[in-house]
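Here are two versions of the same chain, shown separately as structure tokens and labelled structure 1 and structure 2.
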Structure 1
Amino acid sequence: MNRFALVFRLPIIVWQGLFFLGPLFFMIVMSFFLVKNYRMEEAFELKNWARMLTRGYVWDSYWYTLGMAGSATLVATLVAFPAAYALAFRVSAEVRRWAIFLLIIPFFTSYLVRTFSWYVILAGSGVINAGLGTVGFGPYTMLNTPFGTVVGYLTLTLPLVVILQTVALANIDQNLVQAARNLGCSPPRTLISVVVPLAKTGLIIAALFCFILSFGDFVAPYYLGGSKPPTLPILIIDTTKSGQQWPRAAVVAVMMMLTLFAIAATAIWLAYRRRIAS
């Protein structure tokens, strides 16, 4: 039985080995290479790590990227929850299915195209500033700002967060919610004491997906945020253009991977700790 199960697991194991673990291992090894005369040479030295980890601009980009991804995750979670709650508890199953289908439609269009569409909306003479101008406000600078970056992150992640939260909330046993109401819990207390704890796993996983996608995104901070200050993905591109320094870029990439592994492990532990304990 174990051998039979292993046969079915083998394709995914091979896939992960070839297209994830293999490139990851090569990237780690490449971070120890040296570049001489614009050519990489095999070596095992810590010069690239020492150089990148002692540069203030690297850590500035690191904390800025971490903060922007965290901010986008918080905003997406708070904005998505009312919509997900309404889809899970206030509409029929058929309406919920159509809503989820409509939330998937944005992914049919290139993310880059959706990002560029915000130029028309956020520009100094764009839709928002034109509307505010009619009531005597603005114009406000929204492009090439952290606000523009967050908008781009939400364009990428918000539909996914709504879908994941909706699925998590819709799977809650309605009898438990009704029992809390019968015992005298107010709607806010029912939400905090019953609904959120029961949907905790799905809510955390949705936030985790949002953070991962935002943390590694290049398009939004480059085209809507102006790349100043640069996020880590932009720093990687700039580093590779500076003397073909792929090993130094690999150091930044490894930093990103280690950060995501740590945050993902923490999030999964928080999401499943009670279930595992029980």
Structure 2
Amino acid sequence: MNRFALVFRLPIIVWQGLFFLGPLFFMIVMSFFLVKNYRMEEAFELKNWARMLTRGYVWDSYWYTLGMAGSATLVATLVAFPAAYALAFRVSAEVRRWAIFLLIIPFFTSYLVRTFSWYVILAGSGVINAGLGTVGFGPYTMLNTPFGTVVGYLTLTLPLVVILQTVALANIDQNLVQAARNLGCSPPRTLISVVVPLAKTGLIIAALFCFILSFGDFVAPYYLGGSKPPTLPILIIDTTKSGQQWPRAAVVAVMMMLTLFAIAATAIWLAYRRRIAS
């Protein structure tokens, strides 16, 4: 290989090796280190793992995080679908392009500021309750509830889910849909037996992204969900920042990675699995 080729090929290998694979690998190794007198010492002990895996609060957090991220994924998928369907089939290509451009905008606004906005909107004396109060309802408690957490997760993920679903639906071969209708298939039946199966891969990938983002987010469960119990990302922050217990935080992080790998592998298998003709 000549020098020219190397100049272009090597930089990313060195950079990502040092600053992407290096950190992740070190984090796994660090989960076996020990902390003595607030200092980390190289070691190979299973103490952190034994400690974290036998604590009830860790597993409470684990199942709670899994449940909340799973609920958010389900809600986002169901909420986004009719919107994506409308964008894919009921508006012109021009409107669709503009809608997708608008949906990209939220990625460039601070997610923190949007969450803070929801905090003010959802608060006991906030905009929604003040509005409902004038017509004699409420006040309702929306902050520090699972509802608040899901609102936050959707703020982060819904635009992406709508975009991915729209692309998946817009790529369906319209002749197949038309054929089903011509052969006497009712609209609901066409939706379930033709449209959804054809868009399956895109719909599952959208849900997977929603899950990954929700599972790893600490802002929504902390500010809008009240952190009771803390989710795994909050547990990582608390363990790292207050206790200097980096190895224990690394245990939680590795647990999260393994869980995500398992879920991503399952989702990708489902997304690309060929349907057996029945």
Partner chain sequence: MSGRIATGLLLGWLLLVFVFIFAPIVASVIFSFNSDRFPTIPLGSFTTHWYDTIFADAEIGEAARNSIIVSLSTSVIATTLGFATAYTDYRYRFRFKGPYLALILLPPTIPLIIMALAMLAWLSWIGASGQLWSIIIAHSVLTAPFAMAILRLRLHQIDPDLEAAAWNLGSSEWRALRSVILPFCRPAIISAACLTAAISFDEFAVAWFVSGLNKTVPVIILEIVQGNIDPQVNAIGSLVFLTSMTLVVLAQLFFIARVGRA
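Bear in mind the structure is a predicted one, so any value in this text is a computation, not a measurement. Numbers follow structure 1, counted from its first residue as 1. For clarity, a rigid core is taken as the largest C-alpha set superposing within 1.5 Å between two forms.
- In this comparison, the chain shown as structure 2 is the form predicted together with the partner chain.
- After superposing the rigid core, the Cα of Gly67 is displaced by less than 2 Å between structures 1 and 2.
- Once the cores line up, the CA of Gln16 ends up 2 angstroms or more apart between structures 1 and 2.
- Once the rigid core is used as the reference frame, the Cα position of Arg39 differs between structures 1 and 2 by less than 2 Å.
- Here the two forms are laid over each other by their core, and the C-alpha of Ser242 is off by 4.3 Å between structures 1 and 2.
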